[in-house]
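Form predicted on its own, single chain, as C-alpha cells, below.
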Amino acid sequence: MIADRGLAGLKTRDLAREIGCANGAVYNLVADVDELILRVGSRTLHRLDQALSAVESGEPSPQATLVRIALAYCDFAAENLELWRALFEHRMDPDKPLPDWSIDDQLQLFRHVYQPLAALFPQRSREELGITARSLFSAVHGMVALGLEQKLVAVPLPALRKEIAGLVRAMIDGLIARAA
C-alpha cells in the first residue's frame, strides 16, 4: 500500500481486507501503526542495504566506491519513491522512543559510506569519520530528495545522477586537499 499510495495511503482497514482478516487482527501482528510503518521501513532499508552492497565491488578506489554508492542510493530512491519517502516522512510521537532494532537498521547503512572514508582518511578518528559519513549522506540525500520532488525543482534522473557524482567527487577531492 505504501509503495502504491505513499504513507498517507496506508489504512489498516484496507490492509486487513487485503490480507483477509478483521481490522483488529492487524494488531495481533504489530502493536500499532507506528510499528507497522517501522517494519515496512525495516524491509525497505534491508533492500537498500542490498542495493548498496551490490555496487561496492568494482573499481577499488574509495572515491569511485563512494560515487557508486551515492548513485545506487539515488536509483533506489527513484525506483522505490514512496517507500523511500516513507522512511523520512513518518513521525512518531516525541515521547515514544524509536525501537533499538529500527535504530540499528538505520545506522547499519552508514558502513557503506564509512568504510571508503576510513580507507581515504586513516588518520581520522571514528567520530570524525562518522560525522563526515553523515555529512556526505546528507548532501547526497538532499540532492536526491529535491531532485526527485515532483514539483518545480524536479531534475531529470540522468542529470541528477551526473550532478550527484560530481558533488561526491568534489567533496572527496576537497577533503583530501584539506587533509594534505
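Quick note: we count residues from 1 along the sequence shown, nothing fancier. This is a predicted model, so every value here is computed, not measured.
Heads up, the form predicted in complex with the DNA isn't pictured, but that's what we're talking about next.
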TL;DR on 24-32, 50-58, 122-130, 63-71: the one with heavy atoms within 4.5 Å of the DNA in the predicted bound form is 24-32
Item checked: K162 within 4.5 Å of the DNA in the predicted bound form, heavy atoms -> no
Practice item. With heavy atoms only and a cut-off of 4.5 Å, decide whether R169 touches the DNA in the predicted bound form. Key: no
